[in-house]
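Heads up, the chain below is alone and in the form predicted on its own; it's given as C-alpha cells.
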C-alpha cells in the first residue's frame, strides 16, 4: 500500500497535457474537418469543461457519460472530467435508447454529454443527471467558463475513467481503468511497436469510444506530442481515403473489415503514401488481406490483439518481426500464456485459453462480482475468453471460448440478436453464430419455425422478412447477413444450444 505522502501525485490529464503545453503549445494537437486545435487551446478547453462540472456541483468519482462523435469536444469532456476528478465513461454511439438507459443507470451518471438529436438525448434516468448538448448549451457554458482549473489530487492507482465491454448476456459491463493505465499502454505499445514520436500524424478509423480508438487517437498522440486526425462521420471507404489524402497521416489504425473495404475502392490509386506504419486489431487479420494491402500500398499491417479490459493491444506483430496470419508476439510490459480448462500450461502448438497480465489490465468489472470471480485469476492474470495457440513466441487466434462473435471488429452478443428474432411470430428457436465471409466474421441466424410456419422453410420471402425484422430493431453492425431454416437446433443433454456445431456449418 502506498504511503499517504505519495498520494495525490499523478493525474493522467496533466500527464498528457502539461508537457505539451510547455514544449509545443502552438502546435496542432487535433485536426477535425476544417477545425484545428492547438495544444494550448486543448489545455484551456479541458480546464473550461472541468470548471463546468464544478459549477454543476458534480463530485469527484461521479460519472460523466460521453456520447459524442470523434471531435475536439470529446477530448474536452473526457480529459476535463479526469482533471476534475470525475470519471468519464465514453459509450458506443451506435446503440439503441434502451442500451443507454441501462448504462446511464448502471453507472449512475451525474452528467450526460451528447448531441441534441442523438439516441441518448431523450433517455430517462432514475437519478439526477444534467444533460450537456455539444450542439446547444455546452458551447455557451464553455464560453463563460474560466480557462484555468485545479487538478484533482489523484494517485496513479485511482480510477480515472470507465469503458463498457459487451458480455455474453448481451448487457454491457463497466470496465474501470486507472490513471496509470493509459500511460502504461502508450509507453509500451505506442513506443515499442509503433515507435510513435512528435513528428507523427495519427489517424484511427476505430472511434474514440472503443478502447482501441481511445489509445490510437487520444492517449498515444498526446503522450508523444504528435497530432491526431479525427473523422466525425461514419468511416466509409471513400471518407477514409479522402481523410488520408487530405491530412497525410504517418500512422494509420484500422480493423480488418475496414482494410478490406478500402482495398475494394482504391482502384489503382494509393492515398497511403504518407503512412509509415499500419496497425490492425479488433479481430484476426486474414492473411489474404495482409497480402493484398502490401501489394497495393507497399505497407505491411501490424496485426495484434487487445481488449477493453487491457485498454489496448497486448500481443502484436512488430515492424521488424512479422508473421502474417498470427497476432504476433507479446508486447513489452505484458505477459501472456495459454492454459487448459484446469489452468495448466498447454504444450506449444496446442490450443487453449489465452490469459494475460499487465499494468493496464482492469482490476475488475464494476459491480459484477460473479463475472470477476470467473475472469480474474490469482497473481493478476485475466482470462480473455479467446482460444489461441503459441509456437516460437507467435500467438495465433483459434476462436472464442464462448459464444461471442465479432462483426466489423465490434463484439456482438448472439443472445441479443436471438432475443429480437424470437419476437417474430414465425420463430420457434434461434441460434446466431459467426461465419467467415472473405476471411471476416459475419453473423448468421439458424432458425427453427413454429409449427404453423413449417411449410415456409423454403420460402425466400420469409427469410427476407426476418432479416428486415431484425435490422429494424438492431444497430447496423449487429445486422444478420443471412438466415438458415433448420428442423431443430443441436443441443446438449440438458437443452443448451451447441453453437459450435453451427459454426462448423457451411
Ligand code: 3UK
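Residue numbers count along the first chain shown, from 1. Note that this is a predicted model, so its numbers are computed, not measured.
What comes next is about the form predicted in complex with the named molecule, which is not displayed.
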Among 400, 110, 323, 435, which has at least one heavy atom within 4.5 Å of the named molecule in the predicted complex?
400
Which residue, 358, 304, 172, 85, is the contact with the named molecule in the predicted complex, using a 4.5 Å heavy atom cutoff?
304
Proximity of residue 222 to the named molecule in the predicted complex, heavy atoms at 4.5 Å
no
Decide whether residue 181 counts as a contact residue for the named molecule in the predicted complex under a heavy atom distance cut-off of 4.5 Å.
no
Would residue 284 show up as a contact with the named molecule in the predicted complex if we use heavy atoms at 4.5 Å?
yes
Would residue 257 count as a contact of the named molecule in the predicted complex, using a 4.5 angstroms cut-off between non-hydrogen atoms?
no
Counting only non-hydrogen atoms, choose the one of 423 to 431, 143 to 151, 311 to 319, 241 to 249 that falls within 4.5 Å of the named molecule in the predicted complex.
311 to 319
For the stretch 197 to 212, I need every residue with any heavy atom inside 4.5 Å of the named molecule in the predicted complex, listed N to C.
211, 212
